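The form predicted alone is given below as one chain in structure tokens.
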């Protein structure tokens, strides 16, 4: 039986740490192959230009991630995007088509890269009628130093920063929606998993949850005013909800199973999570007040975990599911009552997290040799490497959008 530390959520890996070993992972594959249930997607042809080489390199990398665009260097295209670098941090976006200028807009930010991300997102909104996702902040775990530590970065990994130096296992970082703080799990203090909060402005770290047993799986609500987490102080891992300062802790599940992987609905009224109450890991949903727990009929695998709620379309969740000796990412629709595979290929695809447009996901691709972060366009099936090779075993990403 193949088991892995973070399938059935990181909490299950923590609980079963002494019982399971790291699995044999399959050969690395960049393409995801055939994907069942692809939807029709609008793909635009576009040329990219700039008066600055660094700017042009940035936009080429960015639009290569977006399955909604086919970047062409010559021939006719539907749109031409030109990004002009001005004085200081100013970027001017010029969108044209058929030799005619359609719009011109100036952007400023804390840096030219910040202004550029705003401009690129605006280009996406005006041409695809979708939110852009380039102006995002990510947190992730990497073994670049030999230990699993937490890092933060802009989406394109142009400014990665090591946030922790625990010299221990750091897991499942979660960013506050306003980018003011980050929660994560670490063993560093006493050899047991506790939850810590880091102020991202001052870098001050404080213990957020350190109860008897396991403390892990923190997840900020969309408003940032509450945090869901998994605690085992009662003798069994259960879901709890507290205020963002850790106060007013309330238990919201009480089962014979092991609970893990909480993720909030877009309106903050419900939480989707993993439980093995029925005998194997499956997906459940519960009201944030602890009422109305029910199993989600994913109908795709006997081992489902790591659910993440779509921030735009509350009808959808992404999840990790066992498939033919590997693990892949699937998307479940509540209205249709069915799941669709969105990754297919060698190696494992785990720990999905939605980008703010509700179309793209970041997930961890794991092989025998390494783990890396990928961006998946669920509409087209395109899957593109995100983390550079220098970030060894980059995994467990969280993401927030910095724009409006």
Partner chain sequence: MVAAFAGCRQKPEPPDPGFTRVDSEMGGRRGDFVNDSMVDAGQYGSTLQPRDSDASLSDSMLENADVYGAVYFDFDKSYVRPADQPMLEEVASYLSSNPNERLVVEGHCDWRGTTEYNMALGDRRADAVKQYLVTLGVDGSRIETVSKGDLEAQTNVSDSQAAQDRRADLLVLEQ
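Every value quoted in this text rests on a predicted model; they were computed, and no experiment measured them. Residue numbers count along the first chain shown, from 1.
There is another form of the same protein, the form predicted together with the partner chain; it is not shown, and what comes next is about it.
Between the options 165, 105, 89, 333, which residue brings a heavy atom to within 4.5 Å of the partner chain in the predicted bound form?
Contact residue from the list: 165.
So which of 94, 207, 71, 314 reaches within 4.5 angstroms of the partner chain in the predicted bound form, heavy atom to heavy atom?
In short, 207.
Which of 125 to 133, 232 to 240, 74 to 82, 290 to 298 sits within 4.5 Å of the partner chain in the predicted bound form, heavy atom basis
Looking at the other structure, the answer is 232 to 240.
I'd like to check something about residue 278: if you look in the predicted bound form, is any of its heavy atoms closer than or equal to 4.5 Å to a heavy atom of the partner chain?
No - in the predicted bound form, heavy atoms of residue 278 and the partner chain never come within 4.5 Å of each other.
Interface membership of residue 367, the partner chain in the predicted bound form, 4.5 Å heavy atom rule:
Residue 367: yes, in contact with the partner chain in the predicted bound form.
Just checking whether residue 191 would be counted as a contact of the partner chain in the predicted bound form - the rule being heavy atoms within 4.5 angstroms.
Yes, residue 191 lies within 4.5 Å of the partner chain in the predicted bound form.
Exercise: residue 109 in contact with the partner chain in the predicted bound form, heavy atom 4.5 Å:
Answer no; every heavy atom of residue 109 is more than 4.5 Å from the partner chain in the predicted bound form.
Using the arrangement in the predicted bound form, list in sequence order the residues of 376 to 399 with any heavy atom within 4.5 angstroms of the partner chain.
385, 386, 387, 388, 389, 390, 391, 396 sit within 4.5 Å of the partner.
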